[in-house]
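Below sits a lone chain in structure tokens, taken as the form predicted alone.
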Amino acid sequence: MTRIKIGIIGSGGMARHHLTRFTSMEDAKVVAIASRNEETGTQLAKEHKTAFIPEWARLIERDDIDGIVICTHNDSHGKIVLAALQADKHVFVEYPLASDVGAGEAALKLAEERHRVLRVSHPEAVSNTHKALKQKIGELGDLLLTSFVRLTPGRGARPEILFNLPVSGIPAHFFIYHIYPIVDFFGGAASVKKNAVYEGLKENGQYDRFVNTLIVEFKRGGIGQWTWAGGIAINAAEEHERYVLTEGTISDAGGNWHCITPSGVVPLSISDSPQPTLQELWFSEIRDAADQPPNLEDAAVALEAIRISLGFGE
């Protein structure tokens, strides 16, 4: 089997995670690692017996690389994705796809024109739970309301990233992984209303606590509501999610999914069948792209999630 040669951009926790996955795959070869942090980048390259390149642009230019894996801060995703696609590389990028709608749209256009695979790291594509939810939602009629609430105490392990508007954008964009699955279930937005409040906001864009809300009217009908609050006085993190449809409601009460209909309450049936990893899925898509145009449905959902997270409705 011909090995697929990849380059990794980034040297933090996610880069290590992806390297562990890729180095366990027989058909993967890590050619080089690029990072603006020379110390961690050099160490990571040494651990995996591969080359270290300080400038990510030089890594992308290499002819001996088929695909680029992007594990950098949110604010740099878009420009690296575009540069990689322009260099005819397949792309695997941590969410969000980009920090603005224009870059996301340009990325999809480039991927389509150049027949390159563009996969964002949203795990729903290989999630049995997501597949079970999608099937059950399809059985319960039309959407009335979907609601999501996440409340978190303190500032977390890396407040310099999350509580930082220039680096990660508004909280809804940082937490885009809560938006993506709902877009995959119910489609795009006809309109979006957003609101955000920051306490302790400094000139450099860092802040102490926040509340961020989104209200969406979906094109296919129904309303979506998201609420995030962080750095608040609460004993422990809380998260609640509901899908209210004309024939029943699906709830994650207690951390386990249940379906409520006039007939009663039953647990959601979730298969335990093995699924490929996202890295394996990306590789299979790269191989398929040799014979057919790549499937960009995942990237299209990721782009619509960006539109909603940033408050852009049609």
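Numbers follow the displayed sequence, beginning with 1. All figures in this text were calculated on a predicted structure; none of them were measured in a lab.
Another form, the form predicted together with a small molecule, is not on view; read the next lines as being about it.
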Okay, which stretch from 189-197, 87-95, 126-134, 222-230 lines the small molecule in the predicted complex, with non-hydrogen atoms inside 4.5 Å? 87-95
With the partner left out here, check for me: in the predicted complex, does some heavy atom of R116 sit within 4.5 Å of the small molecule? no
Any chance H73 has a heavy atom within 4.5 Å of the small molecule in the predicted complex? yes
Is there a heavy atom of N37 no more than 4.5 Å from a heavy atom of the small molecule in the predicted complex? yes
Contact flag, P293 vs the small molecule in the predicted complex, heavy atom cut 4.5 Å: no
Listed residue (N212, S121, N164, T152) with a non-hydrogen atom within 4.5 angstroms of the small molecule in the predicted complex: S121
